[in-house]
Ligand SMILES: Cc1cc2nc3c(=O)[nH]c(=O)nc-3n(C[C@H](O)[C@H](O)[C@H](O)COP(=O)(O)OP(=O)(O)OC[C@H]3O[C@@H](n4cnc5c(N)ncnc54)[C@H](O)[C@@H]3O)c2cc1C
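In structure tokens, one chain follows: the form predicted on its own.
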């Protein structure tokens, strides 16, 4: 952590670094727990991100519990599609529905709810963290030379977290897989999220509205969106003459490792706390659950409870996603995945249900 002599210009019980969906959810949780909360975010307006934009039923429920209203296109399950476009495995959720929501619309809804409950926003980019002379206080230094002070810091600043780096909790990245997303002016042709598989990666098709779908591709570094789409022939044919409503937006590398999600009075939440891959599409669900757990530990003054809670909440995601990513690095396993899922619908359905909760 960096020493400094910045002018302290704000103070709160909890400083949330990162004003994306997970950061805003953590801020809302903090206010609902009776804490004063300051969110530090350099970007103005609704924050966009390259992601699949499909909210699992558990995510929709968690947002509702926070008092966040969202609008989008409902979907009833998940379908895996083989490269030939004909072999498929489909599971419909046993309870609840998911929802495809533009990330900017989700962010706007969370930001409005945060403002309604009294979350304060501070514009700025974090460049360092340090303790103060007072017990149980931390200073977050900003890029304009000023600083803010708080009792706790929640690092919710994503894949490339400054808080993770500044606390020495980062343990590197795999660096192999990246994501790219665009939107197409096309009525959804299915009431499920489709995951198309190819020899090199995956493509997610998510209904966003009655007239728009989101297309997100995951694969190796250096893939352009057009190159990636070309590896899914059946999907590429369907999208051959489509009008694209947004430009390509990328993110990565996806895998990020940490030694622990907590150090002292700093807790890492969401992608900042380590990330495996977007393959199973539940990053936001996990992020919201961990935000709630982090605030609960902060409010109780028991930060060392958080690693246990974090491991428990992320266990299924880490095991299932790590296993799937590792297995599908083998070309034969990748080719057989969808046919095997189609032949074992109960196994496929059980995996989807665990991720949808």
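Quantities reported herein were computed from a predicted structural model and do not represent experimental measurements. Numbering follows the first chain given and starts at 1.
Only in words, not in the display: the form predicted in complex with this ligand, which the text now covers.
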Residues in which of 255 to 263, 278 to 286, 90 to 98, 224 to 232 have heavy atoms within 4.5 Å of this ligand in the predicted complex?
278 to 286
Any chance 30, 70 and 119 all have a heavy atom within 4.5 Å of this ligand in the predicted complex?
no
None of 76, 125, 238, 137 but one has a heavy atom within 4.5 Å of this ligand in the predicted complex; the exception is 125
Within 4.5 Å of this ligand in the predicted complex, heavy atoms considered, which of 158, 201, 188, 151?
158
Is residue 15 close to this ligand in the predicted complex, meaning a heavy atom pair under 4.5 Å apart or at it?
no
Check residue 169 for me: does it contact this ligand in the predicted complex (non-hydrogen atoms, 4.5 angstroms)?
no
Does any part of residue 40 reach within 4.5 Å of this ligand in the predicted complex? Heavy atoms only, please.
yes
Is the gap between residue 114 and this ligand in the predicted complex 4.5 Å or less for some heavy atom pair?
no
Residues within stretch 343 to 357 having a non-hydrogen atom within 4.5 Å of this ligand in the predicted complex
none
